[in-house]
Every structure is written in C-alpha cells, then in structure tokens.
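Presented as structure tokens, the chain that follows is alone, the form predicted alone.
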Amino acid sequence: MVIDITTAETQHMAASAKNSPIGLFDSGVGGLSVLRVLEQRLPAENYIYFGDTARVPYGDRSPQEVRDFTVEIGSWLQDQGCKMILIACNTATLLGMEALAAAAKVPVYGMVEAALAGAMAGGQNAAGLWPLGLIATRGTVESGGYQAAVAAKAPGQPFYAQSCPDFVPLIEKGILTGPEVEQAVEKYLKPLKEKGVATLILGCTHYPFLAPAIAAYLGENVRLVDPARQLAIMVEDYLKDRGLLNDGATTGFREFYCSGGSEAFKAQGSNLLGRPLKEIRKQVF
C-alpha cells in the first residue's frame, strides 16, 4: 500500500506531539503541588519540571527580574521539546506570562485564570463564595493582578488579599507542621479570618503543602481553592480537543531540573511528592 508522504508526515508529527512532554516551572519546589495534581489526572503524560531554587523566592524580586526569569526558563523548556508550558508560579504568571506567551511557539498556561475559575466554579453569585480571600507572595499581592481580575469578573464583591512572606521559606526547608507553621498561619490569616472570608485562594503553588494547617486554623466552613486542580482540567481539555493527549498505557516519564543544589531539591521534592526522586539534573542560566 502506498501512503501519501504528506499524510505520513502529518501522522508522525501528531504521534510525536502526543509523546512530547508538558513543561512546568516554579521558583522552587512549590510547583510540585501542581505536578502532583497533574499526575493524578493525566498520569500517561510526560513531564519536565524545573525549580529555580538558586533564585527562590520570586515574591521579593523586582517585576523585571521575574519577567526575565519567566521568559528565560520558558524558552528553555520549549527547546526541550515541550508541547505546552505551565507557569506553576502565581508571581511569574502575573509578571511574566504575557512576555513568555509572546515569545513562545507553544501554548502557555498560568495559575491566575485557573484560580479564579476554581473559586467561582458555582458562579460569581454562588452561596458561600464571598467574601473571597487570597494568600500569596508579596510580589503577587502588590502586582494588583488578582484584585483587577476579581473586580472585572465580580464588581463590588468583597475581596481581601494577604501576603505571607514566611510561607515559602518554611516550605523550601521542608517545614510543613509544628509551632513555626502554626504561628505563621495565625500571623497572616488572622486578618482574613476576622473579615469572615468564606473562600480562600491558595495563590502560591507552595501553599497547598500547608493546606492542613491553614484549614485547621480557618475552620471547616472556609473553602480552600487549589488552582492546580482547575489548571489540570484546563490542560486536559486543551490536549483532548486537539488530539494531543498521550495515549500511552503506562505512566509517562518525569524529568526534574533545578538551578540550585540538586541534593537539597531531591530531599525536599521526595518529601513533598511522597516518593523518592531518583535523578535531579542541574540547569543554570
């Protein structure tokens, strides 16, 4: 049987695209919370994760620095053959996504749209949604991006944002429970608790690792929103609509890179993901 070369090439390209990895990155190990959710929903996909541990945290960096880092890392992931790039960092999403999307030749997804979609899943007038709260890095809060997005979707509704600068250093050290965490949670969440927030967006991908402590402090009536869950749905829908889902029968490969110490990343990542990470490759920009 003779197969038209154009058709054969198209079929090969489609198969290759299906097998191409999804790239995601964060300022450190926090974005592993996004990978964890993606693995649960799309286990057959291949993933490349980069943690910029030499320059963490991004929340205290200047907007231009974060923008440059975002384009730099996203471009590198594209060069690794990734079929899409996920910015698993709220600060980088707000300050660098527009620049990366303009430079990239593959789709780029961030956390903010997913966060708001997850928070407002029942509609902007859903019972128990308001007041809406956000906890995030200083860079995310001071950018005003979330405030503007919420105001555009639900004008006049009460929205409160709180930066939590101690959270990322604690998580990067692997401290997820105990007195230090409890004190930090009370310090930052007390103002939101006093305002009676009904829904709280975990506006930094590190923060889901502190979700048990946050939930314990706020109480069972406050709904916590992990944007990674909605992001995974958005990624699946995009790939499915374009026939790009990896249809392999086995779990895909995982590659991990970091810009700082690989042994520290291996220890922290293994602890956060609940499984041993075998090889961590070094990538410095």
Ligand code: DGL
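The structure presented is a predicted model; accordingly, all values stated were derived computationally and were not measured. Numbers follow the displayed sequence, beginning with 1.
This next part talks about the form predicted in complex with D-glutamic acid, which is not shown.
Work out which of the listed stretches, 84 to 92, 67 to 75, 101 to 109, 174 to 182, brings a heavy atom within 4.5 angstroms of D-glutamic acid in the predicted complex. It is 84 to 92 that comes within 4.5 Å of the partner.
Heavy atoms within 4.5 Å of D-glutamic acid in the predicted complex: does Ala232 have any? Output for Ala232 is no: heavy atoms all beyond 4.5 Å of D-glutamic acid.
So, Phe50 and D-glutamic acid: in the predicted complex, are they within 4.5 Å at any heavy atom pair? So Phe50 does not count as contacting D-glutamic acid.
Should Leu38 be classed as touching D-glutamic acid in the predicted complex when contacts are defined as heavy atoms within 4.5 Å? Leu38: no contact with D-glutamic acid in the predicted complex.
With a cut-off of 4.5 Å between heavy atoms, is Val168 one of the residues that contacts D-glutamic acid in the predicted complex? Yes, Val168 sits close enough to D-glutamic acid in the predicted complex that at least one of its heavy atoms falls within 4.5 Å.
For the stretch 42 to 67, return the residues whose heavy atoms include at least one within 4.5 Å of D-glutamic acid in the predicted complex, in the order they occur. Counting only heavy atoms within 4.5 Å of D-glutamic acid in the predicted complex, the contacting residues of 42 to 67 are Val56, Pro57, Tyr58, Gly59.
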